[in-house]
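Read the single chain below, which is given as structure tokens and is the form predicted on its own.
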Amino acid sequence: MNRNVFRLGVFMVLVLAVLFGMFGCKKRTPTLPPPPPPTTELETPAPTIQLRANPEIVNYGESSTLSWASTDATEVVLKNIGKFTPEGSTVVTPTESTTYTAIAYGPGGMTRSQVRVTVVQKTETITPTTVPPVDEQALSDEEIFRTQIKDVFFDFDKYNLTPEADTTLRQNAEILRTKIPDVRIIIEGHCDERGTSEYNLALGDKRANSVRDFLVAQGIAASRIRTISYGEERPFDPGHNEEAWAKNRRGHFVLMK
């Protein structure tokens, strides 16, 4: 009987050894730590700027003060004037109604603001109240140019001349040939605000050249004409509708002094 008990004990030891080998020595799979949260880069804010004019309406020969304030900008550029600090002011004396543009540059990009200074031309009162007939022989070349040479206008995104522009340019050419044959002129090409600045500068150049080529074909010497494009930079009307845009798509005549 003791032998049977001994055998049973040995059997139980073997069974326990097998079970321990199957379950007791099993390696545990290590648990990996969670991944770190993604890092987010802070966006650099875009600059802002506000341009003001005081006063916005001046008489011819008077000055206006342009002032500006910006945020997140490192430099401010006033077009056709110069570079300035992010906040400041400067005095301008425009000879004609002018739209001024301030561009703020910063790490986050660029933005712009515009203000228009309207110039009121002073007029002299003629006494007596009865206006005498105009003696064109007594008028200066500048007076004839200012009162009789007319601008021409273009259709949207076009630089070819309309029938109305054709008629106006024939009259301008006649005046330039017969009444003021010695003056030289500048033809400015202008656009409305739609489209990029680069596109409008190119379109304004084509419009100015169309006017010049027509005048040359009418017998005006090319040496008397210079062209320049301002694109959308100098709108005649600062509005943002079709009525304003139609006025801004123009070929503008300037007397070269």
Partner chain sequence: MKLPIILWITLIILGLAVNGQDQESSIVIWPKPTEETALALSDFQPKSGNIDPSVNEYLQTINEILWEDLEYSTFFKMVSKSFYPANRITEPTDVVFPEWQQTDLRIDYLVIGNARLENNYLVVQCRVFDLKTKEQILGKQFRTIPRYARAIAHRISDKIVSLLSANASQGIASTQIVFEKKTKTGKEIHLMDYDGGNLQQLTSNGTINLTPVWLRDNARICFTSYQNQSPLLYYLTLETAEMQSFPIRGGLLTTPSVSPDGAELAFAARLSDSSDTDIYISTLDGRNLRNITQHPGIDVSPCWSPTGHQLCFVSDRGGTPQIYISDSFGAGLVRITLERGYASSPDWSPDGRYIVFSWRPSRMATFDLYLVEVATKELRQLTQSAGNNENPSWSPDGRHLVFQSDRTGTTEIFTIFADGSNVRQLTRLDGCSNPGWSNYGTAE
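Residue numbers count along the first chain shown, from 1. None of the values given here were measured: they were computed from a predicted structure.
The form predicted together with its partner chain exists for this protein as well; it is not shown, and the discussion that follows is about that form.
Undergrad: Which of these residues, P45, G195, P55, G61, gets a heavy atom within 4.5 Å of its partner chain in the predicted bound form?
TA: After the contact test, the surviving option is G195.
Undergrad: Its partner chain in the predicted bound form: within 4.5 Å of a heavy atom of each of V76, N80 and Y105?
TA: No residue of the spot touches its partner chain in the predicted bound form.
Undergrad: Look up in the predicted bound form whether L203 has a non-hydrogen atom within 4.5 angstroms of its partner chain, and give yes or no.
TA: Yes.
Undergrad: Report yes if any heavy atom of R224 sits within 4.5 Å of a heavy atom of its partner chain in the predicted bound form; otherwise report no.
TA: Flag for R224 set to no.
Undergrad: Using heavy atoms and a 4.5 Å limit, would one call F214 a contact residue for its partner chain in the predicted bound form?
TA: Taking the distances in the predicted bound form, the answer for F214 is no, it never comes within 4.5 Å of its partner chain.
Undergrad: Considering only heavy atoms, tell me if D166 and its partner chain come within 4.5 Å of each other in the predicted bound form.
TA: No, D166 stays farther than 4.5 Å from its partner chain in the predicted bound form.
Undergrad: Which one of these stretches, 216-224, 66-74, 203-211, 45-53, sits within 4.5 Å of its partner chain in the predicted bound form when only heavy atoms are counted?
TA: The contacting stretch here is 203-211.
Undergrad: Within 222-243, which residues have a heavy atom closer than or equal to 4.5 Å from its partner chain in the predicted bound form?
TA: Result: R226, T227, I228, S229, Y230, E233, R234.
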